[in-house]
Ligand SMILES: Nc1ncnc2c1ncn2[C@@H]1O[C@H](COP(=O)(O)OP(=O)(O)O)[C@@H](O)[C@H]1O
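Given next, in structure tokens, is a single chain: the form predicted alone.
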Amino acid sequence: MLEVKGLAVDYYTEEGIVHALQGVSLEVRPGETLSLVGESGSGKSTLALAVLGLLPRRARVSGSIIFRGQNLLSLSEEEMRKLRGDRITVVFQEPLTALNPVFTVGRFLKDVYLTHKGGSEREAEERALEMLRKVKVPAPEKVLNSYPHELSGGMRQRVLIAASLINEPDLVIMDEPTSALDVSVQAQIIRLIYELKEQVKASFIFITHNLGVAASVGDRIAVMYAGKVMEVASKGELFSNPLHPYTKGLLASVPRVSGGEVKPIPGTVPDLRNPPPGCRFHPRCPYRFEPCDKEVPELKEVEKGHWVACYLWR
């Protein structure tokens, strides 16, 4: 469905060039959910914006993003508009800022449908009601005539999810869709997403900081750090047999119900205006040795379906 090859994104700013992504390669298969995890500053949202064609003008992009056999980086803005919201959709993390405050929910959902599918207002309204019911919005007829500020955070996020699915897309990108919600509502939205991905035919990219959430909704997990992909594997393989020191560090820093010591990773994500040479994780890696600070390790398939960028994966 989606194949990213050698993707690099640089932001040109007054304070210097930010090397946000470097040589990112990964794929999303038809019908699967790929979870992207990593600390803030790892490049997860930049990758999503690159796929959506929503990077700022100061960004310089190289590599390729192949969606259903078509390189998205070669498309014009008008061609991307036809895809975005129709074949590729997105759910952003803050629903209140993603929704237009002067439009009712019904107007918003109908516009998303009519822009890409055409048809009558009546058809669009029926489709909007159908989607609100699918995402389990109570009293959908009332919500259809409500404004965003009249809804709770969880309800607003359900509206955005309905909008992302209304045109039956091929790829849905969810950029931390639960981070602005409280814990109990987060659990409801995660359960809803899990149920929806079993019902619809779309592929999903799910971006999160939370490894538990990544495992609950994802089929495979890609671990990103400082603009690079460090490890990719099925969720079962990643949790039972992590190969990259960064992945091991993330897993060790997760609090457990059963107790035990939580071991945070020392240090912070590097300043990407001046990233470290060699492996970008080496300044924080307890296992680093001579090649790590000089040579960039390649992302290689070291076991069937398990990819890692590290000299010490054995």
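Because the structure is predicted, anything quoted here is derived from the model rather than measured. When you see a residue number, it is the position in the sequence shown, counting from 1.
There is another form of this protein, the form predicted together with the named molecule, and it is not shown here; the text below is about that form.
The listed set R29, R68, K263, R58 contains one residue whose heavy atoms approach the named molecule in the predicted complex to within 4.5 Å, identified as R58. Taken together, the three residues T13, E39 and T46 all lie with some non-hydrogen atom within 4.5 angstroms of the named molecule in the predicted complex. Proximity of L299 to the named molecule in the predicted complex: non-hydrogen atoms within 4.5 Å are absent; the residue sits far from the partner. Not displayed here, the named molecule is kept clear of V24 by more than 4.5 Å at the level of heavy atoms in the predicted complex. In the predicted complex, L34 stays away from the named molecule, with no heavy atom inside 4.5 Å.
Put simply, L52 is far from the named molecule in the predicted complex: not one heavy atom of it is within 4.5 Å. Although the named molecule is not shown here, in the predicted complex the stretch 213-246 places no heavy atom of any residue within 4.5 Å of it.
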